[in-house]
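Only one chain is given next, in structure tokens, and it is the form predicted alone.
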Amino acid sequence: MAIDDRIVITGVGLTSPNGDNLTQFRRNLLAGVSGVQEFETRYMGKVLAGVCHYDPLKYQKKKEVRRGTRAGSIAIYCSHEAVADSGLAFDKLDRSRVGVFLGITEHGNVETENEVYNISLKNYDTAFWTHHHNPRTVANNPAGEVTLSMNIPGPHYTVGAACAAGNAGVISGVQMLRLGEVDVALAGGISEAIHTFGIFASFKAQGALAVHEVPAKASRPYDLDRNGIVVSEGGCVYVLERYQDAVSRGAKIYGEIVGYAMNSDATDFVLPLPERQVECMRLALKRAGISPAQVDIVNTHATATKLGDQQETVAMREVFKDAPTTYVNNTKSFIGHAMGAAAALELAGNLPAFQDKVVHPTINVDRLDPECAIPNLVANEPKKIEKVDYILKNSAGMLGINAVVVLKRV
């Protein structure tokens, strides 16, 4: 029997710095509410960060939270929320046919930094090193913690794809469904980045860590006065199913994943290459069977670094030069850069546009950088448009990885 290759989103579970479910998240995006705040980190004192405020005890016991990781806890919260939102009768499913595929930027740094610090207080006596360290730091930890929490014996893995990881996790879920390896995929991205001081120190050393006297104004992609990244934590997990399965059980459908692509710049450790981003977006559109002009909303990757924003803008202007009704927005202006979770979270914030036809704005664009001028950039105020049939999510990451996902209204 042929496998239905139409894959749809039927559940969304998320936590972000400005909302712990899609309804709250979307409301704050339309209202211009930032989730950036001051945050105390080891050795550096106060920095600006996007901090989540979900309740970890909603789906875990205190002992489980202590034994596991912050990334695992976020993944567990988002996965349970996604399944609840989907309306799946999870207890009746053959869970060996459920897979968990989560994108991550990095994992293990938090636990290693914590243990090194702890033994430094004990004259570096490794007898005080926790026996939980190894399972906490293996790369598959966040997805693996989900399988333990939800009793899922099906396949699981994490996808290390830098800041394109959220899209990569979704793409992995789609591929596994199309291969017939699973019948339900929990797919998306997770980040615990703010709990490692190293990421703040590294961005500061690069001159790429955002500072601002008003935290809510710190993350400002495309603005002439942007000065770097606001590091954030967060997570977003989708329930993915085959279209016919979703229709058969009467599920609500957020959208259909009709195109995707991944490629590599193969040129630089950190500076993105516009030509490869162009190729990636065009390949995703080709697989979706649509032209750039048919895309209604493009959600960009821009992180508020000087050159990074400009390079993506070059790619955007090339791909969408003949797309007069394509509107552009950016979600990092609200929540900062949630790293492995970024692409999945930012896509989620735009899904309700299929129904309400409103493009959430890019906030903090007080003085648009002329080098970042994009036609139809929605800045500072939401914009109602005539239709939303297609949404494209662009993402990119260090070592030159690019990932694009295209969704269609169903």
Partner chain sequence: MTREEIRKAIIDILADIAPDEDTSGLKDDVGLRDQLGLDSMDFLDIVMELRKRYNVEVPSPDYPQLATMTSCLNYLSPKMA
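Numbering follows the first chain given and starts at 1. Note that the structure is a prediction, hence the values are computed from the model and not measured.
Not on display, but discussed next: the form predicted in complex with its partner chain.
Colleague: May I ask you to state whether Lys384 is within 4.5 Å of its partner chain in the predicted bound form, using heavy atom distances?
Modeller: No, no contact at 4.5 Å.
Colleague: Is there a heavy atom of Lys122 no more than 4.5 Å from a heavy atom of its partner chain in the predicted bound form?
Modeller: Although its partner chain is absent here, Lys122 would touch it in the predicted bound form, with heavy atoms inside 4.5 Å.
Colleague: Would Arg66 count as a contact of its partner chain in the predicted bound form, using a 4.5 angstroms cut-off between non-hydrogen atoms?
Modeller: Output for Arg66 is yes: heavy atoms within 4.5 Å of its partner chain.
Colleague: With heavy atoms only and a cut-off of 4.5 Å, decide whether Pro135 touches its partner chain in the predicted bound form.
Modeller: The answer is yes: Pro135 has a heavy atom within 4.5 Å of its partner chain.
Colleague: Exactly one stretch in 285 to 293, 227 to 235, 193 to 201, 125 to 133 has heavy atoms within 4.5 Å of its partner chain in the predicted bound form; which is it?
Modeller: It is 125 to 133 that comes within 4.5 Å of the partner.
Colleague: Counting non-hydrogen atoms within 4.5 angstroms of its partner chain in the predicted bound form, say which of Lys58, Lys62, Lys46, Arg367 makes the cut.
Modeller: Among Lys58, Lys62, Lys46, Arg367, a heavy atom within 4.5 Å of its partner chain in the predicted bound form occurs only for Lys62.
Colleague: For the stretch 239 to 271, which residues lie within 4.5 Å of its partner chain in the predicted bound form by non-hydrogen atom distance?
Modeller: Residues within 4.5 Å: none in this stretch.
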